[in-house]
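In the structure tokens that follow, the same protein chain appears in two forms, which are kept apart as structure 1 and structure 2.
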Structure 1
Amino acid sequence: MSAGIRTYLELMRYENCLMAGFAAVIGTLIAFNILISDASGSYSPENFPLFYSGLVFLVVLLISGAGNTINDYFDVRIDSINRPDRPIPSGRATLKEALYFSYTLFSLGTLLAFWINLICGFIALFNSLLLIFYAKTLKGTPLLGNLSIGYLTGSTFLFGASVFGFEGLEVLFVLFLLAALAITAREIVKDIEDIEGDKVEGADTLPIRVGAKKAGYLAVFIGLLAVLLSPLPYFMQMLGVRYLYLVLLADMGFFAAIYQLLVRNNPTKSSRMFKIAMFFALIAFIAGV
């Protein structure tokens, strides 16, 4: 029986896609907010690009969904050990269905991105190719794979800001950096969580290369760096004081994630706490506009 809608949504990991799309629109909002206060006066409050913001959301939703799907396509063997309940190893979706679905999403997302402007189009094209390269090859490269996902997720903010061309890109670099650091730390924690299945499969991840303890210390260092830099958007006057109060809540979540990893030696709970903290950080970004 062919895969149903629910299975395709599961393949996309639609919750991640919604969060990524939301982050991209926040990037558009924050860039616009900064550019309208710019002395040149080339932007005014009444001309917020609502239609293009919808396109930004849709492009990121499609391309991140494509990235999750192609990831499961190439991970079928390792997932049959670590995640046997996922759509492909469980038999609810075939490899061919997943591959065609992924390429359809990549193509649609990239075409829509070029509709916005050339910078958006080239970011979408580059990210699509990187997601395929990650799933096929890069994932098995210690740390480089983690950094790729960090860049890709952080790039959602840059993508949203690139609705305004290059000037949008430079104002959102700090948010890109914060997200990239937080996600990279979480990706290392996820590799610590998957170390047994990865060993059986002969994968070459950072925890397998240097040991779970040292990999954990690196994840903690990167996570703490993100927390230390988190007040920057306020002090750089990109976001208001509401951001500062709420991001301190998110920072407590990051500390809880670090506690779960270092003290309780629980990478599963740590990974989940990282994700909750990132969600609060997203809320902080929007509250700070």
Structure 2
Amino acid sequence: MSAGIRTYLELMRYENCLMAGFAAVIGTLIAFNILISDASGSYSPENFPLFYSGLVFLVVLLISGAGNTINDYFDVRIDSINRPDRPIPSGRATLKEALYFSYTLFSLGTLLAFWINLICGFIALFNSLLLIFYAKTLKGTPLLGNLSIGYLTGSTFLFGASVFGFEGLEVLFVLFLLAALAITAREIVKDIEDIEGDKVEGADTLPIRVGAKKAGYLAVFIGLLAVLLSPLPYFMQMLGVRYLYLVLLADMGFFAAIYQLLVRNNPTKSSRMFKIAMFFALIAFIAGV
């Protein structure tokens, strides 16, 4: 029996895809606001690329959905034990249908990205290949898997800014870097949180390889690096004073996450605090433009 539309949407994890699409458009908005604030620049408020912003949203939705689908394709054995209700283990979609569906989404997303401009196209192509490689190999590789997720999440904002070419990449690189660092730290903390279950499943994660304590120290180092770099957009005169005030709240959240991990030895609460801190950091970027 062929899979229905609802099953394909479930394979995509469409709620997460919608969120990723909106994050990319936020990247476009932030980059645009920074560019129009430059008196010597060539952008003006009435020149906002509304059509291309819609394409950015669609590209990220498609490629994120493709990544989630290919992930289910390679995770079918684990999902048959842990998530038997997922489309492939439950029999609502075959492996072949999932594979073809993911490649279709990757192709459509990448072609649309090249239609925007070459930079968007190459980012989409690289991220598509990385998502496939991650699902097949990197997911089970200590640290490299965490770094891949950090890059992929941060590059969502970078992709939104790439509508404006190299200028967009330049003005939003710091946001990309901060997001990538924060997400990488949280991904390591999540692995510490899941260490017992991962041991049972035979997974090879950083905490299993080097121990939860050493992995925790690395997560703290990466998190502190994000905190130390967080005032940069203000001092580089990219964002206003409202950003500085709000990012201090985000930094307090990161410190709380570090405290929960190092002092209280509570990776679950630490992971939650990282998530809250990242939300405030995003609000800071939006408010600061």
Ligand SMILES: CC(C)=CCC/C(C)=C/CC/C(C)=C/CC/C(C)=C/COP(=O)(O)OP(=O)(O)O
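Just so you know, these numbers come straight off a predicted model, no measurement behind them. Sequence positions of structure 1, starting at 1, serve as the residue numbers.
One chain, two forms displayed separately, with the form predicted together with the named molecule being the first of them, structure 1. When the chain is split into two rigid parts between the two structures, Gly121 and Lys190 fall in separate parts, each C-alpha being assigned to the part whose superposition fits it better. Here the chain moves as two rigid blocks between the two structures; the smaller block's rotation against the larger, from C-alpha superpositions, is 20°.
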